[in-house]
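First, one chain by itself in structure tokens, the form predicted alone.
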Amino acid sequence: MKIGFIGLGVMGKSIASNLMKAGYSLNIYTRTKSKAAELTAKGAVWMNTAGQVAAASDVIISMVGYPKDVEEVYFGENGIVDHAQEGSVLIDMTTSSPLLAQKIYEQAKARNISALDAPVSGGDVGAREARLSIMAGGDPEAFERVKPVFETMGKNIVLQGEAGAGQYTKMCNQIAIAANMIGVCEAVAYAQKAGLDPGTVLKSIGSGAAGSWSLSNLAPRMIAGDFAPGFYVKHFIKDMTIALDTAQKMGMMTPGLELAKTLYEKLAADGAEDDGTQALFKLFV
């Protein structure tokens, strides 16, 4: 099985590397060719367009930045849908719009191509250590066919439902994280203001009822002043925007999400859009 991989950002590069470690042949494309140098040195084949990757691969995986980037790589000039082989499987792992996932599915199906939306959670560490949570939408047959591919990336791999279900599930994930990140920042800042050692505080609260992935993995980075991106602020704002748009269409209230988005937009306006999401802490100290 030849795998095509499009997009080699913070997480995509680690996922692609793990695929190669598992023995898969890789065709790759990314807008900034220099990002592919490490993988091509290991034997990955560079191609000049997403369409070329699609034409030469049995499974095509994309992990790009924004829904507009997904639109471009799937439907633009030299796009994936027009160039993929019949019988191939398309997997978009970008956190993107559920409606766009459904569009990809329908247009791929018209060409006898399978499509899954499969966003992930777990950040840079999860991608590097192949411990991602993968939430998929699409046909069960396509999901089972590529499940061994998913198993090179993560441990918690669930088919959530029809096309778009993976993206809706990822929005649930981002909504839960958004409000929780405010609480984590407030807790660490409160510990500091109270004259406590925040690292010692984490030993007490991290495994109790307050425990969360963000508290265990991102609070230590906050304390250390490490704001390097495992997941960019600008991409989190994109995700929260999608979640708010879809929530409004469903007629539901999301006050925690709205507050988090407002705070992250202030953080981005202060010049931190390329920091990691833990940089929200800067607003509290």
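A quick note: this is a predicted structure, and the numbers were derived from the prediction, not measured. Between two forms, the rigid core is the largest collection of C-alphas that superpose within 1.5 Å. Counting begins at 1, following the sequence as shown.
Although not depicted, the form predicted together with another copy of the chain is the subject of the following passage.
Interface membership of residue 247, defined by any non-hydrogen atom within 4.5 Å of another copy of the chain in the predicted complex, is confirmed.
Another copy of the chain in the predicted complex comes within 4.5 Å of a heavy atom belonging to residue 254.
At a distance threshold of 4.5 angstroms between non-hydrogen atoms, residue 1 is out of contact with another copy of the chain in the predicted complex. Not displayed here, another copy of the chain is approached by residue 168 to within 4.5 Å at the level of heavy atoms in the predicted complex. Contact with another copy of the chain in the predicted complex, defined as a heavy atom within 4.5 Å, holds for exactly one of 107, 78, 212, 85, namely 212. In plain terms, the part of the chain that comes close to another copy of the chain in the predicted complex, with a heavy atom within 4.5 Å, is 176 to 184 out of 87 to 95, 68 to 76, 146 to 154, 176 to 184. Taking the rigid core as fixed, one finds a CA shift for residue 183 of 2 Å or more between the shown form and the other one. Here residue 219 counts as shifted, since its C-alpha moves by at least 2 Å between the shown form and the other one after the core is aligned.
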